[in-house]
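This document opens with one chain alone, in C-alpha cells, the form predicted alone.
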C-alpha cells in the first residue's frame, strides 16, 4: 500500500514539474497544459523506425521510468512514509539511478538513428564524468549520520541541516543531479538546437509520452534525494512532516528548472573536463572537511 501511495505521489509530482517547466519556459502558468500535451501524444501514431533494435527501442522508456521509481522507494517523505528503509538505502539510490544511463544508451542505440545515437553517447560521457559527484557527496552525508539509512540521515540533521554543515557537498550533488536528469544546461542527450531532440528524436506517440513521464519522475526523485540528504527531509516547524517534504521537494525542483534556464550550455568536452578536473577534487575536499568536522564538531 505504501509503495502504491509513493508511486501516486511521484506521478502527481511529475505533473507539477511539467507545469513548472512550462511556466519557466514560456511564462504562462497553465495547469491544463500537461494534460493536453499528454492527450495529444497519446493520440498520435507511434512510429517505429525502419531498422530498429526492437528490444532496446521498446524497453528504454520503461526502464528509465522504473529506475526513477526504484530510486524513490528508499526516500522517506515522513518518518513512516517510506517503502523500504534499507540498511544501505543511500547507496541503493545510486545503484538504481545507474540504469538511467543504461536506458538512455538503449534509447540512443535502439532506433538506429544518427541523432539518437550521438545523444546516447553524449550522455554516457557526461554521466561518467559526473557519476562520482553523486556518490562522493552521499559518502560525506553518511559520514555525519554514521549510517546509510535514509531515515537516519534525516534524523542526523535535527540540529543543523547538511546544506549548512557541508555546503560544498550540496553544490556538487545539486549540479550532478541536474546532469543526471539531463536538465539544461546539461541537456546534451536531447539538445533540441543541435540533435533535434537526440535520444527522443525517434520516439512518438505512447512511447514518447512514457519517456517524458519518466524524465519528469526522475527530476522528482532527484529533488527528493536532495531534500533527504541536505535539507532536513520532513523536519520543520508548525506544518506536518508530509507538508514540509512536499514544499521542499517542489522548491528544489523549481530551483533545478530555473537554474538551467539561467546558465548557458557549454561544450560536452568542457563539461566532462570540469567534472573530472574540478568536480572530483572538490568532492574529495568535501569528504576531508566533513571528516574533520565530524571529529571536531559531531
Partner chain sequence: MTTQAFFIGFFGLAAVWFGVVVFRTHSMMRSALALLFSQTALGAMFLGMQAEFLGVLQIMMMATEMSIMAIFMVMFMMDPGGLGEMEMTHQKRLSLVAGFVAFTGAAAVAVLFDWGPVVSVAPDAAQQTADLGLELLGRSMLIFETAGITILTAMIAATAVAILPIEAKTTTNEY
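From a predicted model like this one, the values you see are computed outputs, not experimental measurements. Positions refer to the first chain, counted from 1.
Heads up, the form predicted together with the partner chain isn't pictured, but that's what we're talking about next.
Stretch-level contact check against the partner chain in the predicted bound form with heavy atoms at 4.5 Å: of 98 to 106, 156 to 164, 169 to 177, 223 to 231, the positive one is 98 to 106.
Taking the partner from elsewhere, every residue among 87, 121 and 124 has a non-hydrogen atom within 4.5 angstroms of the partner chain in the predicted bound form. Among the residues 29, 247, 239, 55, the one placing a heavy atom within 4.5 Å of the partner chain in the predicted bound form is 55. For the chain shown alone, residue 208 is not a contact residue for the partner chain in the predicted bound form, no non-hydrogen atom being within 4.5 angstroms. Within this chain, residue 94 lines the site of the partner chain in the predicted bound form, having a heavy atom no more than 4.5 Å away. For residue 148, a non-hydrogen atom is located within 4.5 Å of the partner chain in the predicted bound form, even though that partner is not displayed. Of all the residues from 127 to 142, those having a non-hydrogen atom no more than 4.5 Å from the partner chain in the predicted bound form are 128, 135.
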